[in-house]
Ligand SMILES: Cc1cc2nc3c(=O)[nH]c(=O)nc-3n(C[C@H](O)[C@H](O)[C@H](O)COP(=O)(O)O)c2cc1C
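There is one chain below, alone, in structure tokens, taken in the form predicted alone.
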Amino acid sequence: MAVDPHEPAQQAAARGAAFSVAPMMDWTDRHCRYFHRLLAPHALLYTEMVTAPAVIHGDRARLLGYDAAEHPVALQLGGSEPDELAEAARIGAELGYDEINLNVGCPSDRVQSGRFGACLMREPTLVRECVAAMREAVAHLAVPVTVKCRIGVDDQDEYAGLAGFVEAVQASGCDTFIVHARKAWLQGLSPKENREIPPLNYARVYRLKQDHARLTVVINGGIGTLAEVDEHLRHVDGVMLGRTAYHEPYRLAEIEHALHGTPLPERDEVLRRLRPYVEAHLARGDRLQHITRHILGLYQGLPGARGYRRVLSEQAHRADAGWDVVEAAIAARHAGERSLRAA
């Protein structure tokens, strides 16, 4: 009998393993999430991080609006004040978000100045209090509260730091931890450098799952291929993709196909399924470029991809840009492909 190379991934999916797209500032807005949903019907999608005060006092329609097609979709919150986070979690749950996630992983200076993000890994007792308050606030809707963290910060070089943090926080009742398998340097590295320079340590996340079998452990960081997803699912409960999902979004469809047997869609067809959404938002006064900036990587690696990106980059910013620009980009992609074949 032939061996199915995707069998481990399929088994993982059958036991409920999570496949998700990471919350990414300036990237995973509602337009991005809708596009990703067309590629991956089962993936859990996350919002950009929104601070608890912004949820409570800000423009909720702008900050928290989403399309029903995005479900399942999680709201990621930033903050360190239990009462504020509880109120923000309640608002998010009542708006229909399927999960509320607390950011304990962002290393930016701005986030640290607000005493939230990765610096909270040094304050597990406070995180436990925050999560307990959030869980109580959404208990009436049975919405889960989860935590996204790093494997450590600064001089936390041993597994004990991560284990101690998780053990403290799980006392709140939290049973799901999404772990970026790099530690964060709170000083000296930019957020971009913190996503690239600290070495990945997948083994530490694997050990966390081994030592806490009843927890749901999702791994994040540097994951980009189906083979990598498959390998991680041998050790943990779920895999979260970040930059690859954004820059090479068709990978989402390939992973979805492997995990769930969903037919692989044609890229052109994905775009044409996006058309009603685009036209509806244009009719509301949105600009085309706000949507098309998320679809630039759809044909990454294929002949003619450069022409496709060029049309979108040069034309989508026009005030009167409409769906015809996307059709022109598709046509440019095919023209480039024909040209290369004829050469």
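Numbers follow the displayed sequence, beginning with 1. All values reported here derive from a predicted model rather than from experimental measurement.
The form predicted in complex with this ligand exists for this protein as well; it is not shown, and the discussion that follows is about that form.
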| property | result |
| --- | --- |
| 4.5 Å heavy atom contact, His180 to this ligand in the predicted bound form | yes |
| Non-hydrogen atom contact Ala331 with this ligand in the predicted bound form at 4.5 angstroms | no |
| Trp27, heavy atom within 4.5 angstroms of this ligand in the predicted bound form | yes |
| This ligand contact at Cys32 in the predicted bound form, heavy atom, 4.5 Å | no |
| Stretch from 130-138, 228-236, 214-222, 155-163 whose residues place a heavy atom within 4.5 Å of this ligand in the predicted bound form | 214-222 |
| Interface residue in the predicted bound form among Pro144, Pro124, Pro82, Gly242, criterion: non-hydrogen atom within 4.5 angstroms of this ligand | Gly242 |
| Answer option from Ser172, Asn201, Ser108, Asn103, heavy atom within 4.5 Å of this ligand in the predicted bound form | Asn103 |
| Residues of stretch 60-90 in contact with this ligand in the predicted bound form (4.5 Å, non-hydrogen atom) | Gln76 |
